[in-house]
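Single chain ahead, written as structure tokens, the form predicted on its own.
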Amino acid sequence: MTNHKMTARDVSVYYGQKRAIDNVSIDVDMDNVTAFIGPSGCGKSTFLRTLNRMNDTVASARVEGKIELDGHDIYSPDMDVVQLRARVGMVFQKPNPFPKSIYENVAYGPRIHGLAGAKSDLDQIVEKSLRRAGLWDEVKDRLTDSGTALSGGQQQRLCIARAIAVDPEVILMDEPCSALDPIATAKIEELIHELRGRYAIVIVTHNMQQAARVSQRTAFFHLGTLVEYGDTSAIFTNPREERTKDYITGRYG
């Protein structure tokens, strides 16, 4: 019995008349990091964005099919999208800290969601989130400095701290290392290992070595369809589909 946190069934996404995602079904569980791989423009980020209704912000986007979080349809009219995005956090490709202090970046979410009564509660949440994001020791003496003054890798860990400060259940990461150097990337990968099991984690990456390193389940997308989904080791060593094999051996992408 796997511990499914989110399930997607027959999900298609349209931008106007154009179908970007075609009939994708997938489960995301608590125990494994799930990686979405595939060539540029194959729909992996578009699909990721359906999981916290980020596509709602695109006027022409339409989502069909069913996506559930703990058995509740996230597209049902009574789903509070603000609440949903607190439960399903997102870390973007380019680090995007708020132009506020390091402390305020992390405190912002808990404050607007009413998660902290007193200042001391907030202090605790900020410290815990920065510790979990592997950033506390580097910034604890400069919490009043601007988040934008940090290095790229630190900014991305700050964004992860910001995402986990509201106590989410799922964390979506959209190519979180593509703007980072190898050392910062290694730190983020280490962090993903540490966060595994505490949150359901989905990472979109164009870097196959990264998918192989950080995930236990891999989904291969091509031209808007889900070609293959399974254990990461099997997908990389013994893929069932010819298209997966061609992509992994570098024939295209």
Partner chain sequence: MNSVTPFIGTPDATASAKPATARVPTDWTTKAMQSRIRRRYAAERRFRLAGLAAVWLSAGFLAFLLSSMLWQGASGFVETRVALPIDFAAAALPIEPARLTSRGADLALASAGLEGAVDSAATRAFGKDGEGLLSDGAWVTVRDALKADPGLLSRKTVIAVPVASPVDMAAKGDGPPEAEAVVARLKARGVLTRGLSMTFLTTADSTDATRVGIWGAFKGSLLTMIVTLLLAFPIGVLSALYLEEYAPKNRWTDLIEVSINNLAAVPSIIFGLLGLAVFLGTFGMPRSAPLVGGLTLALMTMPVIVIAGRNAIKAVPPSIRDAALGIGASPVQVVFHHVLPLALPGILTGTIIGMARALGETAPLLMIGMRAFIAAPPSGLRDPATVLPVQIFLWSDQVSRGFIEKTSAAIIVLLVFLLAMNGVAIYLRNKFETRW
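Positions refer to the first chain, counted from 1. Keep in mind it's a predicted model, so treat the numbers as computed, not measured.
The next section is about a form of this same protein that is not shown, the form predicted together with its partner chain.
Checked against its partner chain in the model of the complex, the residues Leu150, Met90, Val139, Ile125 give one hit for a heavy atom within 4.5 Å, which is Met90.
In summary, among the residues Ile171, Ala86, Leu135, Cys177, the only one with a non-hydrogen atom within 4.5 Å of its partner chain in the model of the complex is Ala86. Remark: Pro99 counts among the residues lining its partner chain in the model of the complex, judged by a heavy atom distance of 4.5 Å or less.
In the model of the complex, its partner chain sits beyond 4.5 Å of every heavy atom of Gln209. In the model of the complex, Arg49 approaches its partner chain with a heavy atom inside 4.5 Å. Its partner chain is not drawn, but in the model of the complex it has no heavy atom within 4.5 Å of Ala118. The candidate stretches are 69-77, 177-185, 109-117, 126-134, and the one lying within 4.5 Å of its partner chain in the model of the complex by heavy atoms is 109-117. Contact annotation for the candidate site: Asn3, Met30 and Val33 all lie away from its partner chain in the model of the complex (no heavy atom within 4.5 Å).
Heavy atoms closer than or equal to 4.5 Å to its partner chain in the model of the complex belong, across 184-217, to no residue whatsoever.
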